[in-house]
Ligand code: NAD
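First comes one chain, alone, set out as structure tokens in the form predicted on its own.
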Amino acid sequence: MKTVFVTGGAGFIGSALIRLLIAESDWRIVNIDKLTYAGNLESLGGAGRDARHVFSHSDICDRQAMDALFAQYRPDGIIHLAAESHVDRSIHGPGDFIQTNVVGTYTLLEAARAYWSTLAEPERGAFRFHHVSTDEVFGSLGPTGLFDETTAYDPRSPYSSSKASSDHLVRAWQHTYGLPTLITNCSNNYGPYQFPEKLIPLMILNALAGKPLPIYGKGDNIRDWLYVDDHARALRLVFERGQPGATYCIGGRNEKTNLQVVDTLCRLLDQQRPRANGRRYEELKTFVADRPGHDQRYAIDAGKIQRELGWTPTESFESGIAKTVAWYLDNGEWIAHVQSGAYRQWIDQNYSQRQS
């Protein structure tokens, strides 16, 4: 049985990837997660209890722990998603972002290189280190144009700078040491199990609670929205079939302003969960001071991954956002555990018995 390490597997994108791999592949997955505030084992659903899923409560900055995991499980590759990822948090506390995203990636690269160097062929040639990054490393677009694999880096926030740094480290380890690496840069993800600090779940939950819906500036900042399950499919394709040393941009081809996103959510909630007072959710919209250094527009040209690997998103924004709203309306227990903090103490016996 082939084994893949997934770092950050209790996070939003990582848990979606693990659910996909358990459902549609034969991989054994070693899920490495520190379980910071946004790490939630409940997001794995039934996949977390599958015999092919092994959970390790570990920090990627801990070299000794990483070396022990490589020695114990001898993986065929790594999909590295562990990261601090919220721009607002990076503005108010950049230190954690440097530590996890930069130092953690360096530590994982060195542990992977030490292990990889001991492998014989063909395992050495088949090994992959797949680093999952963001489109925010490219900076801000004007009214036209798209990010692609040749776009120069121009990060504007502590978060994007830390991810750009980790991207450069991964490329350096490939060029200097020959470690077979892959990098993907994705656009804004959304979908089920997303932590409520992010725009879409925050707006849904605030609306249901009758709280204001805070919108930065004029709400005209544009993002390219990618449904998380589409992203998970792309990650699997790149990991299994991507060319070592290559970068692939993954986007949803769904450019929307933040205001358009909020208006869409309000309309869907009006239809599916009308307010008890008969008023419309859009009345809760509140415009607030803009975020420092707020990039105006992101959009990705995903032509390379389509041409080389045959990937295209299956969800339009309209279909994906409808599924997302329905999921949040139907999963009150998961939401309640996140809002109360109960999820942080929730570790099923199946996990605690497997911790390394």
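Nothing here was measured: the structure is a model prediction, and the numbers come from that model. Sequential numbering from 1, following the sequence displayed.
There is another form of the same protein, the form predicted together with the named molecule; it is not shown, and what comes next is about it.
Task: Heavy atom of L81 within 4.5 Å of the named molecule in the model of the complex - done: L81: contacts the named molecule in the model of the complex.
Task: Contact flag, P313 vs the named molecule in the model of the complex, heavy atom cut 4.5 Å - done: Looking in the model of the complex, residue contacts with the named molecule do not include P313, since no heavy atom lies within 4.5 Å.
Task: Contact label in the model of the complex: F129 to the named molecule, heavy atom within 4.5 Å - done: No, F129 sits far enough from the named molecule in the model of the complex that none of its heavy atoms falls within 4.5 Å.
Open item on the list: Taking the named molecule as it sits in the model of the complex, is L329 in contact with it (heavy atom to heavy atom, 4.5 Å or less)?
Closed with: No, no contact at 4.5 Å.
Task: Selected contact from R253, K285, K198, R171, since only one has a non-hydrogen atom within 4.5 angstroms of the named molecule in the model of the complex - done: Of the listed residues, the single hit is K198.
- [ ] Go through K323, K34, K304, R28 and name the one with a heavy atom inside 4.5 Å of the named molecule in the model of the complex.
- [x] Result of the distance check: K34.
- [ ] Identify whether the named molecule in the model of the complex is within 4.5 Å of every residue in the set D59, K163 and N188, based on non-hydrogen atoms.
- [x] Yes, because D59, K163 and N188 each have a heavy atom that approaches the named molecule to within 4.5 Å in the model of the complex.
- [ ] From the candidate stretches 188 to 196, 268 to 276, 71 to 79, 118 to 126, select the single one in contact with the named molecule in the model of the complex, where contact means a heavy atom within 4.5 Å.
- [x] Among the listed stretches, the partner-contacting one is 188 to 196.
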